[in-house]
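Coming up is one lone chain in structure tokens, specifically the form predicted alone.
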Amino acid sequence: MRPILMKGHERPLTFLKYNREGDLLFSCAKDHNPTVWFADNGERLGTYRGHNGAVWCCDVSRDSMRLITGSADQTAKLWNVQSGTYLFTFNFESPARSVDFSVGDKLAVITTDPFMGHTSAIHVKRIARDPADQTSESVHILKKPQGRINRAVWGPLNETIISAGEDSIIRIWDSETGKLLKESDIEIGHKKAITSLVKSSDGSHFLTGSHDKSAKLWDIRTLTLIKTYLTERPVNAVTMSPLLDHVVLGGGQDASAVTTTDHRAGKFEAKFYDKILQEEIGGVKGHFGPINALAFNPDGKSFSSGGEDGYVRLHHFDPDYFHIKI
């Protein structure tokens, strides 16, 4: 398996997202310019210019026509995927950290950071079919003093919103009323900040990664803990194969300690775990710094990783990957 090295960002990667067909890969980084690539050969298609702060997160609509991005410049923007023009800007009073389209793309959930006296918040916005009709008013704003929310996604049938972040607790909210429905148990939950959260392809469970050097698999409706995957370094990114029972974790130590280790020490590999047995089955080395973003192609035949080193690495699996036996 030879990786394709994609160099387009000047600064560390923050997020990776494939479209539903799996032919396009969107990358966000601290260099203000979200970028879109061909997912098969890693060719750069274009960049989305308009933010003037780090871009933390993105999502793409089901028909691959719209892109939404959240940035440290205190805005979230809607873009036309093909032309690269931005259609609308949502302005906030603090950095926009996480964005996620609902099923059907009629709503988006956007989280904003605690900043200058503002607490963190989860905003639900209507997304108009026609950009000319787009407004910036929120359907709901969910607030609860809880530190930074690193990720918020829609639950089944858009009935709930699942959020997780710095206070290490996962919360499930009713998206209609804004009421808090469930919180993860402190005893079995993460012990440090949750950095990443990804849903399974069927939407029945989700995976969280944390600075406590573990990843956990949860039932999306009941918030029951299903599995825990232990590693020896803080986890910054998690993803799940849509095809096989594989979980991938990426991370690394704090930025302050990065220069003290050699990349060959294998500190920055993407680690593969058996989803059921919770055992490590392999790793993919390559990045010269912590892995900040991971994404699986929806067809399960390739995955990509984004690092502190500014590179996106695209890995197409060899045929024998699909026959790994434990």
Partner chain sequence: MTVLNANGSAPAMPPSKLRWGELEDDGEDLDFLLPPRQVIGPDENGVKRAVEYKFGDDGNKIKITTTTRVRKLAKARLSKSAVERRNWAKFGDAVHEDVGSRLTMVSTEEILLESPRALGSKAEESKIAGDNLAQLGKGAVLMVCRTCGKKGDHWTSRCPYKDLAPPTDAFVDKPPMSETVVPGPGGATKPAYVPPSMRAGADRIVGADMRRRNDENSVRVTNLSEDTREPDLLELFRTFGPVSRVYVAIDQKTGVSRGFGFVNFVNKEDAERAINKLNGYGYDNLILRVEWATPRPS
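Note that the structure is predicted; figures quoted are calculated from it, not measured. Positions refer to the first chain, counted from 1.
The same protein has a further form, the form predicted together with the partner chain, not shown here; the description that follows concerns it.
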Interface residue in the predicted complex among Pro234, Gly84, Pro131, Gly147, criterion: non-hydrogen atom within 4.5 angstroms of the partner chain: Gly84
Joint contact, Gly46, Lys285 and Asp318 to the partner chain in the predicted complex, by non-hydrogen atom at 4.5 Å: yes
4.5 Å heavy atom contact, Phe268 and the partner chain in the predicted complex: no
4.5 Å heavy atom contact, Asn41 and the partner chain in the predicted complex: yes
Contact label in the predicted complex: Gln278 to the partner chain, heavy atom within 4.5 Å: no
Contact flag, Lys17 vs the partner chain in the predicted complex, heavy atom cut 4.5 Å: no
Residues of 196-229 having any heavy atom within 4.5 Å of the partner chain in the predicted complex, listed in sequence order: none
